[in-house]
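Just the one chain here, the form predicted on its own, laid out as structure tokens.
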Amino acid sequence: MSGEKDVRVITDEVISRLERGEIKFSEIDQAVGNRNLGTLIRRTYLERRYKVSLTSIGHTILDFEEIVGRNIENPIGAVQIPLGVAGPLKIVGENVVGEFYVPMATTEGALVASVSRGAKAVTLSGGAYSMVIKDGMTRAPLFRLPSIRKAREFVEWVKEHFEEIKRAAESTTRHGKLISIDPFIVGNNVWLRFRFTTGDAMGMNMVTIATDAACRFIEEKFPDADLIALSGNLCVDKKPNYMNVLMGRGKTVISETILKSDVVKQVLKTDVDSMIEVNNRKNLLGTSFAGGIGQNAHSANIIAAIFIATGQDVAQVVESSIAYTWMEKTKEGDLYVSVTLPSLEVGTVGGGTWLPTQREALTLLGVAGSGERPGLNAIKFAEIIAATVLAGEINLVAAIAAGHLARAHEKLGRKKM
């Protein structure tokens, strides 16, 4: 009882100091010596000030002693998002073989059911084949040079001294390996797009630190080069862009399947030709006419739900969900479908992947932590995601072709009270 009383006394004292302006929100943890208590005090302060109840936000299994400084600042609790599984989805990939139930965290009714129906069609047709064709996380610092002649000279110098720059970059990491530097010149501005392999980590922080070390070396050895921005927006991180489409960032992964015509009819309630027409007119022509990047039905839906469930950087859904969905009829009259993700940025270590519920979701897929060889689990994870997006694309195109889209959302996305 005395412990509870002490907490109340401490809480009241700290809140009084907050109200008098003697302490900042960000200083509470240090003042009380405990981050979980600091979380409680911040939440209580907000409840009193705004006369609201934050009881649900306060109910969490998270230990803020562990995650403050790694995943969050100024915590007041946690939010919960419903978690479902889509599947079973059969994948016969380059590195992944088996049937999977894929965790998806979402508030959109009908999404998990939609992906599950697509997964059923894929599985009954023999499964999806997924393959990562390119792997590398990028950072593109921007340098200012005195003239275009110096800019060209600088680019040549970087090429000639690649091994020295590589040593400087890799001195900061055990797992990151610099594999290329691609230069881009606009006037007297030069971007150097560094590309690293990053093991099982998504690797954004890793490559930022490594590139910073490389830039310090470059400025020292080539004094005419003035670093303007460590990230010059040609990386490209968290923005829609064609750079990542053409050159890749993270994992460039493709998943494909051949849907049997009878499965299309019996499971998806439509036919091969109708699905191809919807894909051509909606995904290809409609997106092009709208000026969209990527030509797909709803890849962001699936990727966002998986990202939230597995502790990925959710803001990177912007470029990770750029997808190209392709459909054509086979000689046998079946439906070939593929999804290409040029810039899927995922990892199985680091970031939010170590949080308890997110790690369990990765464990369910068999990809938590590091793989048998560096990078293997992250590649497996990318193959699973691509196959799941494939299933989601198949079902939505089929639902539109069959005229079932509105009915599905009426049934599953709008509960009648």
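Residue indices: 1-based, along the sequence shown. Nothing here was measured: the structure is a model prediction, and the numbers come from that model.
This next part talks about the form predicted together with a further copy of the same chain, which is not shown.
Between the options S261, N188, T197, S180, the residue in contact with a further copy of the same chain in the predicted complex by a heavy atom within 4.5 angstroms is N188.
Taking the partner from elsewhere, K265 is found to have every heavy atom lying beyond 4.5 Å of a further copy of the same chain in the predicted complex.
The closest non-hydrogen atom of K166 lies beyond 4.5 Å of a further copy of the same chain in the predicted complex. Although the partner is absent from this view, G371 stays clear of a further copy of the same chain in the predicted complex, with no non-hydrogen atom inside 4.5 angstroms. Proximity of N283 to a further copy of the same chain in the predicted complex: non-hydrogen atoms within 4.5 Å are present.
The partner is not shown here, but in the predicted complex the stretch 230-255 reaches within 4.5 angstroms of a further copy of the same chain through a heavy atom at L230, S231, G232, N233, L234, V236, K238, K239, P240, N241, Y242, M243, V245, L246, I254, S255.
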